[in-house]
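Have a look below at one chain only, the form predicted alone, in structure tokens format.
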Amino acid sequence: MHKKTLFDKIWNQHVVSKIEDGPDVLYIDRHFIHEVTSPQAFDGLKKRGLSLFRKEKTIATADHNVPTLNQHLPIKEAQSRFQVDTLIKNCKDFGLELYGLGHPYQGIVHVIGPELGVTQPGMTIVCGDSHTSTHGAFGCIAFGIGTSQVEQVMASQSLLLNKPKQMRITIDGNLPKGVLSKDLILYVISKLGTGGGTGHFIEYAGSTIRNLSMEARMTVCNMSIEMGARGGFIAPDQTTFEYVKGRTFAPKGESFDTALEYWKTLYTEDAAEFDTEYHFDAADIEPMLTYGTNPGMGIKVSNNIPSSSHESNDASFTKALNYMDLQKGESLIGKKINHVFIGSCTNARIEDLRIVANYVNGKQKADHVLAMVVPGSKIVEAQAKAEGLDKVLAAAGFELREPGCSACLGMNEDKVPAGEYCVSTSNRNFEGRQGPGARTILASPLTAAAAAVAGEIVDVRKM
């Protein structure tokens, strides 16, 4: 009897039909949309005279282009305002509820799905956004799609897809002090490179993963695509079930019990085979930093920048270092920085804000550093205020802003000036990602908070 992986189980349950020698037609349980990748899809429906096939399966919010200050005022930047206004109009035209600016559920699409209980184990979830794999933390097949596919899902609630290959990454042991899940995933990407997961869906397993909170698991799954993978996910367990229970859109009462029976069947069977397997030891992981212009260019805080890249050619390696104004063999410790950004769909949940507030409590940021903390949603923002984290952050000189993608991608007003260094908890450090000429160093919220206080990069374990 062929042993099934978790991926096989979920995929097989969602295949509507198989096309001979072609792709599968896969049913999609949840479709998240935002202002950036939905306008062309809505236009496509209008041109074809189609409505949304299953409106109740679609969740809309504004996140990428929204300002993170004065959200009650009209958006200043013309392009951003146009995209957000277009989303409002499209949702109205198609009778779709929108969690827009001012709505208590508004926030980054991959933050609001889980916290509202929309994201549940065993689902297929898509969004016109590459970091949709965040939802994989719940044992979902979740992945980003292109605009033409957004239209496909709107029109049919299905997608034409070839089943990807499968990889398992097992990490065992306890994470050392000062090391967070962000360090864990940056470590794995530094080992496998930005193409290490190409063509695969990744299942994360092992005792280290089991011991992570749901928020930490979301961070790991979020960055799966930085290895080139289609997505990453973790089998649901007691931690998952307790997180989902009682949330706004989660099943209630008997419905929850029924759902739970099904969720408990979602695991990879013993002796199931994967196309690729990797094993890592948690004890080997340190606080991580990126030094280049892709997330694979990462080092342990105690290591120096290498003299060559294991995955790119020397020309592109040298180009990346030139862009970052860094030298081969240099240590990043003591590197002066100007900006710290704590936020994005990778690290803007309440747990991330607590970690930062806990570290900066009673401390003061360096005078030359601009430190921004951008919650992932209105719910996170409200919770941070209820716990008094806003006061702790303000006393330390950190600015708690309103929810949005913010300085993760420079599509809004929160940009890093050219030539300046930003220690960022986001997921990408491409050239110009945080603004033209901006230099991004990816790190965990703890390392970022420590850098803001010191005014330079430090090993948080020594602080």
Partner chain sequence: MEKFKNINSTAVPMPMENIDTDQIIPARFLKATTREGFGENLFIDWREQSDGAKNEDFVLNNNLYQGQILIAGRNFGCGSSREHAAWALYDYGFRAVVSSFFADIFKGNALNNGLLPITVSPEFLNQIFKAIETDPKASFAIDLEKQTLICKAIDLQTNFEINPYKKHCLLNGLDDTDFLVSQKSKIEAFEAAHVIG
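All figures in this text were calculated on a predicted structure; none of them were measured in a lab. Residue numbers count along the first chain shown, from 1.
Another form, the form predicted together with its partner chain, is not on view; read the next lines as being about it.
For the candidate spot formed by 92, 363 and 365, no residue has a non-hydrogen atom within 4.5 angstroms of its partner chain in the predicted complex. Residue 316 belongs to the set of residues with a heavy atom inside 4.5 Å of its partner chain in the predicted complex.
Its partner chain is not drawn, but in the predicted complex it has no heavy atom within 4.5 Å of residue 389. Put simply, residue 79 is close to its partner chain in the predicted complex: some heavy atom of it is within 4.5 Å.
Taking the partner from the other structure, its partner chain in the predicted complex has a heavy atom within 4.5 Å of a heavy atom of residue 433.
Here the chain stands by itself, but in the predicted complex one stretch of 175 to 183, 269 to 277, 153 to 161, 237 to 245, 153 to 161, has heavy atoms within 4.5 Å of its partner chain. Exactly one listed residue, out of 327, 213, 358, 86, brings a non-hydrogen atom to within 4.5 Å of its partner chain in the predicted complex: 86. 128 is the sole member of 113, 136, 292, 128 with a non-hydrogen atom lying within 4.5 angstroms of its partner chain in the predicted complex. Along 30 to 45, a non-hydrogen atom within 4.5 Å of its partner chain in the predicted complex is carried by 30, 36, 37, 39, 40, 43, in order along the sequence.
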